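Coming up is one lone chain in C-alpha cells, specifically the form predicted on its own.
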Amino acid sequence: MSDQPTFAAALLDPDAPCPAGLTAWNGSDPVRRFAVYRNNVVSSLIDALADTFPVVHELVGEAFFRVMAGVFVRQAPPQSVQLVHYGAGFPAFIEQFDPASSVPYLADVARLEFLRIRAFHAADADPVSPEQIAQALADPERLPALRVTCHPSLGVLDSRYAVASLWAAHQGVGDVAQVNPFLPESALIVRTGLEVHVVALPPGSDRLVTGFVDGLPLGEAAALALAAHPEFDLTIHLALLLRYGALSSFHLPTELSP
C-alpha cells in the first residue's frame, strides 16, 4: 500500500500514475477506479470554490471558472477536512492567473466574497447599544479619546474597482450593465444576526474603520480620514457604521473614565 502523502499527491496530479499497491475489493481495475476517485475529489473541491465565490463564477462563466479553479485546487489543496474556509488564497491566485487578466477586478470581487464567508462564521457580539451611544455623546469634550471596538465580523475592502456595486448587481440590486467596474469603491462587510451586509462606503469610512481596528481613539482615526478626504463628515460615517451594527463597544481610557 502506498503512503498517505504519495496517495494525496497523486489525487491532485492528473499526470501522476496510480499509486502502487492499490487493489479493488471486487477485482476491478484499480487504475480506472483511482481515476474516477481523483476526478470526484477535484470536482468536489471546485464545487466548494464555486459555492464560496458565486459572483466570480458568474463573471467568468462555468467553463472558465472550472478550469481556473481546477488549476488552483491542484496547486493549493485544502489543509483541513473542514472546507468552510477553503479558498483563502484564491483571490491572490486569480490576480496572478494570466487568462483572467482581461477581468482585472475579478480578484477584488473574490476578496469581497471571501470576506463575506469570514463574516458569516465570525464570533457573535452585540452592537453598541443606544444607551452607550447616548453616554458617549453626553460629554463631547471626551469624544476624541473614545475607543471604539468593531464587530468581530467586520471587514473592509478598499478597491480600485466598483466591487460593492458589482456584487450588489449580481444579487439583483441594480443593473449590472449600468455598473462601471473601474470606479474605485470601498466596501464594508459585516454581519447582523445571520445576514451579512455588503455596503459601499463613502470616502473616508475605510480610513476611519482602519483606525479603529488599529486601536486609535476616535479623534485620531477621524483625523486620518479627514486628511485623506477633506469632505469627510464624522457624524455621517458613524451613523452608517452604527446602522449596520459594525461597532460593538465604546469606552474611554481608564484615566478618563468618570
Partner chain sequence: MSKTLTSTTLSAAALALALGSALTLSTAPAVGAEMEKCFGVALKGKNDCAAGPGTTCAGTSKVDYQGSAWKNVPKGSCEKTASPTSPTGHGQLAAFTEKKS
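Numbering follows the first chain given and starts at 1. Remember, predicted model here, so these are calculated numbers, not experimental data.
If you look for the form predicted together with its partner chain, you will not find it shown, but the lines that follow are about it.
Next item on the list: Consider residue 51 of the chain shown here, and say whether it contacts its partner chain in the predicted bound form, taking contact as heavy atoms within 4.5 Å.
Entry: It does: once its partner chain is placed as it appears in the predicted bound form, residue 51 has a heavy atom within 4.5 Å of it.
Note to self: I'd like to know whether residue 201 contacts its partner chain in the predicted bound form, with contact meaning heavy atoms within 4.5 angstroms.
What the structure shows: No.
Next item on the list: Give a yes/no on whether residue 175 approaches its partner chain to within 4.5 Å in the predicted bound form, heavy atoms considered.
Entry: No, residue 175 stays farther than 4.5 Å from its partner chain in the predicted bound form.
Next item on the list: Look up in the predicted bound form whether residue 121 has a non-hydrogen atom within 4.5 angstroms of its partner chain, and give yes or no.
Entry: Residue 121 belongs to the contact set for its partner chain.
Next item on the list: Name the stretch, out of 140-148, 179-187, 95-103, 158-166, where some heavy atom lies within 4.5 Å of its partner chain in the predicted bound form.
Entry: That would be stretch 140-148.
Check: Among 59, 216, 226, 42, which has any heavy atom within 4.5 Å of its partner chain in the predicted bound form?
Finding: Answer to the contact question: 226.
Check: For 60-95: residues with a non-hydrogen atom within 4.5 angstroms of its partner chain in the predicted bound form?
Finding: Contacting residues: 83, 84.
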